[in-house]
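Only one chain is included here, represented as structure tokens and corresponding to the form predicted on its own.
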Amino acid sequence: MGKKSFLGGIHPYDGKAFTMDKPITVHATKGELVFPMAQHIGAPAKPIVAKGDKVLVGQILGEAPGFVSANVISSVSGTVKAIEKRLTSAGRFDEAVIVENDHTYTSVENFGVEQDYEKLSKEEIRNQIKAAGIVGLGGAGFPTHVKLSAEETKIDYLIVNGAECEPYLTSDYRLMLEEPEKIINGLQILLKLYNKAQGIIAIEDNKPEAIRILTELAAKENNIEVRSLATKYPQGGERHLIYSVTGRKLNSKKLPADVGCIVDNVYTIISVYNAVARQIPLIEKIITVSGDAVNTPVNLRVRTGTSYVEVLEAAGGFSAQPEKVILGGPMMGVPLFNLDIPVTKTTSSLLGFLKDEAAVEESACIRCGRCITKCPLQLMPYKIAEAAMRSDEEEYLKYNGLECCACGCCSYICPARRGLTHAIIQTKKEVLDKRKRA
């Protein structure tokens, strides 16, 4: 019997062989560090330090101004050099705190001191997760304490997203091999908040060693199991993952909690463990640096605020001038035109390619219907994209354009190489922006 999975989806070249056997190595930060105040969904953090202030590892630089926001925390000790706008991966200049690293890595009091989380109340656990500035680290950046505010009686499943379905990315895979105990313990911390919930660690079946290790550890727990999923993109998308694990369906108008689920990425769970059991806030990221244009593909542990110029240097630089550089996976990542931007909470990879596979001339739609058969949400991408290109909002909404999750399956499979996803998402943004202004 096959594994339960969603309809549609694709099987792109995965490129994971570049780095899947490369253990995580620690990058020693060299230059100044840049901490943008907008690294999450919600209101940007507000700086609470000033130019000239001395700061410590683990010190809050920017405080969350409201419930849907997150603290931004220093990953080094040093001096605040400036508070000014800097270029970020969003392609805009955002307010940021610039810290000159003193390379002593002096930390705040109790940083890294273990505590017995079994003695903490639910409120104390949630407060520590909030104070640590933890957000969804799979790319979305939704503040974790907000997600964990769901009513206890509503939640049946806490799902750890170990699918890592984007091609080339292996940072979550390496964490599952190298820090599996932290995943189990982090999940147990969250299960304390939802006593009736079951913990599910969901992993694609192209990662058998991670499945083996975590299954052995989970066998010692009565409320955690490992679920092997079919390898298929976008298996790691929240809606698809929930359906594959529970059979419950989610649309854009619902949150996972509305169908009894909370989903967290592997590194988010480890960050919860670090914050609650070891009093270490979110100050690092694990980054895959890969692609055929990279000299020495690696998995790196990097302090937030580090420039991607340094990250690339740690991988030996480019072997030749790449045609395309991407932050994130090749399916949903962001093309980069400048590497002098900082590592933030939500970035997971830096990819360099000698050839830009997407740079091809479009031709007319031939009505083959492949985009429909591969859409994991059973939409009609070519119809939605046509409406978007005509700026026909009524038609766009009629074909449920707002349900698109931007996975890119339709553009990938289209024989006419039409930029369906781009057209659909651009219009989605315009429609949502208009509704916000109304």
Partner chain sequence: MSDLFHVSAAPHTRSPITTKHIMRDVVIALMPASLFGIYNFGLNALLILITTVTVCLLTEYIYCRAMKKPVTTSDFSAVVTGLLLAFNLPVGLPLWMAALGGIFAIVVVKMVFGGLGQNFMNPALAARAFLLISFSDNMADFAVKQISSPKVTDYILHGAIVADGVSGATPLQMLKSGESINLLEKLIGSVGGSIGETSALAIILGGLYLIFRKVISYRIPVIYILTVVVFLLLFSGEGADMNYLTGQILGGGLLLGAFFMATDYVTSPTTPKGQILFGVLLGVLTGIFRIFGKSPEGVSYAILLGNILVPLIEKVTIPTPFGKERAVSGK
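Residue numbers count along the first chain shown, from 1. In this text, all values refer to a predicted model and were calculated from it rather than measured experimentally.
FYI, the form predicted in complex with its partner chain isn't displayed, but the following is about it.
**Student:** Any chance T246 has a heavy atom within 4.5 Å of its partner chain in the predicted complex?
**Tutor:** Yes, T246 sits close enough to its partner chain in the predicted complex that at least one of its heavy atoms falls within 4.5 Å.
**Student:** In the predicted complex, does E403 come within 4.5 Å of its partner chain, counting heavy atoms only?
**Tutor:** Yes, E403 lies within 4.5 Å of its partner chain in the predicted complex.
**Student:** Would you classify S121 as touching its partner chain in the predicted complex, given a 4.5 Å non-hydrogen atom cut-off?
**Tutor:** Flag for S121 set to no.
**Student:** Decide whether P44 counts as a contact residue for its partner chain in the predicted complex under a heavy atom distance cut-off of 4.5 Å.
**Tutor:** No.
**Student:** Within 4.5 Å, heavy atoms only, which of V298, I326, A150, A202 is in contact with its partner chain in the predicted complex?
**Tutor:** In short, I326.
**Student:** With its partner chain left out of view, choose which of P322, G78, G141, P180 has a non-hydrogen atom within 4.5 angstroms of it in the predicted complex.
**Tutor:** Looking at P322, G78, G141, P180 one by one, just P322 meets the 4.5 Å heavy-atom criterion.
**Student:** Is every one of K54, R86 and Y105 in contact with its partner chain in the predicted complex, taking contact as a heavy atom within 4.5 Å?
**Tutor:** No, the whole trio is out of contact, none within 4.5 Å by any heavy atom.
**Student:** Which one of these stretches, 373 to 381, 64 to 72, 44 to 52, 26 to 34, sits within 4.5 Å of its partner chain in the predicted complex when only heavy atoms are counted?
**Tutor:** Looking at the other structure, the answer is 373 to 381.
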